[in-house]
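A single chain, nothing else alongside it, follows as structure tokens in the form predicted on its own.
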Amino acid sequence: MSNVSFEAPRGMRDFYPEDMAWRNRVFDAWRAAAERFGFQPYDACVVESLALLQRKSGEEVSEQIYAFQDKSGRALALRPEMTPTLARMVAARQSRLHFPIKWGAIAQCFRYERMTRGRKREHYQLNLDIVGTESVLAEAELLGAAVQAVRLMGLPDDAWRIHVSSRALLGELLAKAGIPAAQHPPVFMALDKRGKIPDEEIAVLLAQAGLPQDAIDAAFRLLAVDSLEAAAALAGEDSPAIADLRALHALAERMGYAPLLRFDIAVIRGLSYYTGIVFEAFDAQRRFRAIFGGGRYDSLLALVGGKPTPAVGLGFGDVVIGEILRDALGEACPVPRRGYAVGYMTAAERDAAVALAARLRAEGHPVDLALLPQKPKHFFSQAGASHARHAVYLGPDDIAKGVAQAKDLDTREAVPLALA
């Protein structure tokens, strides 16, 4: 046993109570936002068929899968993302579902990847998906829910931005630059690495995909387009992709989060199944990887064997937002005080303390009941460090009177509390 490490496996996490305070802050905001926007909760097994995940072979995520064989020789994997699982579940009941559907899940995902600040090998993420409509209102609803979640977490709007682009728009512009549609997927994958590897290495990847030098130069020039107006001038005002991006911005105006949106043609998303509008949110200083990201994936249901069905989805991880919240709000997570701490002086007061705790809990209050007799100083010190709002300490005089004092740990005021 002397050789056993007390550390979690590399890239994995333990959650001590102080860590759970941050996690609960994020999860509570996710659940509240999803509920407000009408997303139905669902869940799925964390182990998936490797074949399902390898439908997107050749992508970076395929190289990061935790894969294994079970005792029957089946090729399985820990899910690296939730979208293929969602597609599988929808395809399994496609004829019985009433579309469009809005589903949401908090999923644990695993990827064997290089770790940096804000990047682990396991993480939780909120997945929101709308399946069964081509309307841009679906993208607007997804982003509205994500904005609601970030605001509920307490991060101010000036601390972050949502960068929006369109795979369809970039496809139109690549075609106008003379790059055929068959070469668009490897171009998307290569350009998505910009900022992660040097441009020289991206140029090599584009050349390996079969692009001549003039086409490589044209692809890089497109990434210099810095506004939707400039993109529209290249694509033409009759571009369906431009129309969708403008419709999204108009809807965001009505929903109250348009100031957060930024057109950014460099947002591509590395997964090949994206087909239309794509987006990624970043902190204002771009110190971290994306807070959340997603987009439209109208072909994925057919890819896993279902009927072609339009869909749009979003993944919002807990690691990056946790780092940003700590920087913005302080290392200790602010947790509102609730309920009672109940203590007692000697064993003679224990039964009364137990009865009081039971009554308060029956009334719906959280109660932290001391397990042993304590001196007053020790009890109030522990209660002050807890999340309790009120502290009640029972001594012989309180029992004799049938009344204790409930001390407010914020205001220090005490009010009488009957023991019977």
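Each residue number is its position in the shown sequence, starting from 1. These figures come from a predicted structure and were not determined experimentally.
If you look for the form predicted together with a small molecule, you will not find it shown, but the lines that follow are about it.
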request  = Select, from the options 215-223, 255-263, 289-297, 152-160, the stretch whose residues sit within 4.5 angstroms of the small molecule in the predicted bound form by heavy atom distance.
outcome  = 289-297
inquiry  = Between the small molecule and Gly118, Gly313 and Phe316, in the predicted bound form, does every residue show a non-hydrogen atom at 4.5 Å or closer?
reply    = yes
remark   = If we test each of Gln125, Gln94, Ser239, Thr275 for a heavy atom within 4.5 Å of the small molecule in the predicted bound form, the one that passes is Gln125
request  = May I ask you to choose, among Arg88, Lys193, Arg269, Lys102, the residue with a heavy atom within 4.5 Å of the small molecule in the predicted bound form?
outcome  = Arg269
key: Contact of Glu134 with the small molecule in the predicted bound form (heavy atom, 4.5 Å)   = no
ask   = Is Arg111 close enough to the small molecule in the predicted bound form to count, meaning some heavy atom within 4.5 Å?
value = yes
request  = Evaluate Asp129 for contact with the small molecule in the predicted bound form, applying a 4.5 angstroms cut-off between non-hydrogen atoms, and reply yes or no.
outcome  = yes
key: the small molecule contact in the predicted bound form: Thr83, any heavy atom under 4.5 Å   = yes
